[in-house]
Every structure is written in structure tokens, then in C-alpha cells.
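Presented below, as C-alpha cells, is a lone chain in the form predicted on its own.
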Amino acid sequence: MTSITKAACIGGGVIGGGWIARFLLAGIDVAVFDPHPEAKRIVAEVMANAERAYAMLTGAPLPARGTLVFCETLEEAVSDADWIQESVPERLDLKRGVLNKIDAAAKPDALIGSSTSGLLPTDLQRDMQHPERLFVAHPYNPVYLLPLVEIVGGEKTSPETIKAAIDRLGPIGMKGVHIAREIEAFVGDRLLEALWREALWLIKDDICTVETLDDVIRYSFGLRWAQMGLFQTYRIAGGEAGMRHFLAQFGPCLQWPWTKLTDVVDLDDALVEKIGQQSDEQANGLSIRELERIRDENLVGILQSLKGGNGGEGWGAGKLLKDFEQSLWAKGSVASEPDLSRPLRLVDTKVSPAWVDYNGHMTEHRYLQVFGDTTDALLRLIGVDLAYVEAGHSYYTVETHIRHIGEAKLGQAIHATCQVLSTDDKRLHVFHTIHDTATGDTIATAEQMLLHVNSAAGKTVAAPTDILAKLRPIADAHAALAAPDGAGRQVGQKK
């Protein structure tokens, strides 16, 4: 799968800033052109939120952050980029002019995507010299967390461009979906517009307030949509007979005059003020940046939950996250020459919303998850990676003793270290410690014994010489370290 090597972002507002963050956190260098006097500040704030969200989203080793450069001209920004994302305001004349400039300055094989939420790509590419490489790449906010991108080609867009665009989104954790025919507002915004129009009528007619309407969505069908969409949800609603029964039962009611979907509400000053006042009350003093952070935490929690769905295989956007993490683990590695004079620092993460209990503290099984991630990182260091496991061998944990010494809380930066206590041909004895990254204080420890196994045969076997050759130098170096406090303890033992 071909990856993006350098990106250019023309426009750095809400959507453009989200694209910048998505690229940078995927390790891609980004050149930005935005004449707005506050562009650098806006992008920096979006980037701060994105980094905070990613720290909660995944413990997989992210690549080194890409380099961000603000350019004085559009031409400078796009000159050597292989993916150029235009995110200027939604005006056809403005976008067309910007895209024509990009087309003239970009290298021949560069892909050019427009973040438009409704303009037709055929109209956008009208005056371009190389219209075959222009496509709509319509994302959803926040771009750095929501993975979907609607890919829409115009009359002159080549099939090769569509395929290349979708292929390049996978390595940055996004899912490109090809919209087969161009249509104003594409698919997602068409659905949202229908819901939005009906919602405005419900507020105008005093059926409910904006907060009640949002509660109806977020406490009911919004939860279903987040994991199964519309049609699959209704397939279940049809019972054992499935979708055909559902359509037969509920299809006729579509003719009933329930909704005002075909009527456009008059957004006069009174209605605007009414909605604005109710929205202010609903926000309850929270700023936009605070609401963004709350939104991100909630999205991370949902994505994490979906990652564990379908028997651990992942479901929907969670499966996409799981696959993205596996690619990060496959590419990521600990330094080739780790510092053996101290316990190995193998995991750095933050306590995500999905990890905490009713006290706001990290739940017990998440401690085990971090310790497991630490063991996995050690195993990758000695060559027991995904390919090794798929070939039929691994180390299995057969005993664990965890001590809870402090408390890990929501959003807290933590890291885990590993000290190898002993090893032989079949056994690996380790001691892990979770630290508060800010203070260095010990939060928890875990002592574990692992056995090398032939997973297909289901029995313990000696590890191969190449694995032991990488493991023994670590064990020998760590043998010179002081025994960690708590090693060898059993449950209930007095201090």
C-alpha cells in the first residue's frame, strides 16, 4: 500500500487544521499555506487537542511526528507534496481559483483533494490543466479522530486517482469510501441535512428544546448508529425475517404526513435567537475548546469500545482502529540499542476515558492491559513479533502478581518499565512498573512468569537460539541491577 510522503494543506481552519493534525501524527511532513493572521495559533490549538486525543486513543507506537512548515506562498507549499488538501471556504469561485493555482504549481503525480462538503468535483476541476487528479476528499470533524473520507470524482477524474486516494488513506488510519456518482452534498451531508431540517422545525414549533432533541439522539438511535449504521440497525429491527420484513412493516408509514422534510424552515431572526439562547444554556458555560476536548474523550471511549467488539476482532470504526494499531506495532520498534543499565522503558501512554471507573481511577483490568503491553513490547524487542506468533510460537503468561500502590487517573500520563529477573530456554521472569510520568512515582507493579510455547501443539518448548541471543544480554545486564522492591512477594505478605 502506497503511503503519503509529504502533504500540503491549503487552509488551516477547523477542517484544514484537522487534516494537518492527522498527517503530522501519522509521521508525514506538512507544508501549510493560510493567509489568515491567526492561522498558526488556530493550527497549534487543534494540534494540541489532537495530541491529547491520540494519547488516550492508542498505546501503539506512533511514528515520529512530521515536520510542520508554514509557507509564504501557495506555490511553495505544494511544490513537492504528493497529497495536497484544499480546505478553503465553501465558495465555488474561491475554491476553483485556489485549485487552479495548486494544479499549476504541483508536481505531475500529486493527488489533489478538496474538503468541500457539497460542491461538485466536475465544477471544481473545470479550468484545471490536469483535472484527472482532482477529487473531493470530504472528511468529518474532528478529522484527526473520525476516520471516514468520502472520495468523489468528477467527470474528468481518472479511476487511477480514486484508487490511489483510497489506498493512501489506509496508512494514516482513515477509511476512504468511493461515492459512485457525484451529487450535491454527497452522502453524509445529505443524511445530516434531512435530520437537521426536521430538527429545526421541531424547535420552531416548540415541540422540544435543543437540549431535549440532542438527548433523544445521544441516548437512543445515536448509540446504534455509532456502531451499526442505519440499514444494519433496521435489519435487526425486522427480526428473524430481516430487512424485507422491516420494509413491509414500516415502509407504508413513509407516506404518512409526519415530517416536514420537504419544507424548509424560515431561519428568521426570532428563530436564530431562540436556538442561540437555548444552545448557550445547554453549553452551561463551557467554551468551544472545552467542548471539543469533551467530544474527543467521548469519541475515544466509543472507538476503544468498538475496538474490542465482535469477539475481540473489532467492529466498524473500532476494527479500523485495531487494524491501524497493528500496522503501527508492525512498523514501530524500540531503539535498536536500548539502555540496559536500567529497566527498559517500553510503554508511554495516558489514561483514557474508556479506562476509568466510577471513581475516575483506572480500572483493575486496564493495569493488566498496560502490563501486557509492556510484555508485548519486550517480546517484540527480542524478535517475538506478530509474524513470529503467526508462525506458531509465542511466550504465554502463566502467572501474574500485581501490586496497586498509587492511583492512575483520567488523562494522567503514565509509562511502564521492565526489568528481566531471570530467563532460561523456556522461562522468562519479568518485573514491570507503572510510573507517573510527571513525578516518577510508582503507581503499580507486576511480576510475571512466561513460558515459551508451541501454540499449535499446546505445549512448552525451548525458544530458538536467535530469540535467546537477543534476550540473554538483557537478562545478563539486568542481573547486575538491584532487585526491585516487591519482587517475590505473595498476596497478603506483610511489609
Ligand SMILES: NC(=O)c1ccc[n+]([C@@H]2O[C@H](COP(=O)([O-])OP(=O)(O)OC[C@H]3O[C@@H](n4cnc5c(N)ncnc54)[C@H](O)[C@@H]3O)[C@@H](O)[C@H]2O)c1
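Keep in mind the model is a prediction, meaning the values are calculated, not measured. Numbering starts at 1 and follows the sequence shown.
Just so you know, the form predicted together with the named molecule exists too; it's not on screen, but the next bit is about it.
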Please name which of the stretches 152 to 160, 82 to 90, 305 to 313, 196 to 204 has residues with heavy atoms lying within 4.5 Å of the named molecule in the predicted bound form.
82 to 90
Even though the named molecule is not shown here, does V98 get within 4.5 Å of it in the predicted bound form, heavy atoms only?
yes
I'd like to know if T417 sits close to the named molecule in the predicted bound form, meaning any non-hydrogen atom pair within 4.5 angstroms.
no
Interface membership of K426, the named molecule in the predicted bound form, 4.5 Å heavy atom rule:
no
Give a yes or no for P464: in the predicted bound form, does one of its heavy atoms lie within 4.5 Å of a heavy atom belonging to the named molecule?
no
All of G11, G16 and L94 with a heavy atom within 4.5 Å of the named molecule in the predicted bound form
yes
With the named molecule left out of view, which of H138, R133, K350, R168 would have a heavy atom within 4.5 Å of it in the predicted bound form?
H138
In the predicted bound form, which of the listed residues (R41, K470, K459, H36) lies with a heavy atom within 4.5 Å of the named molecule?
H36
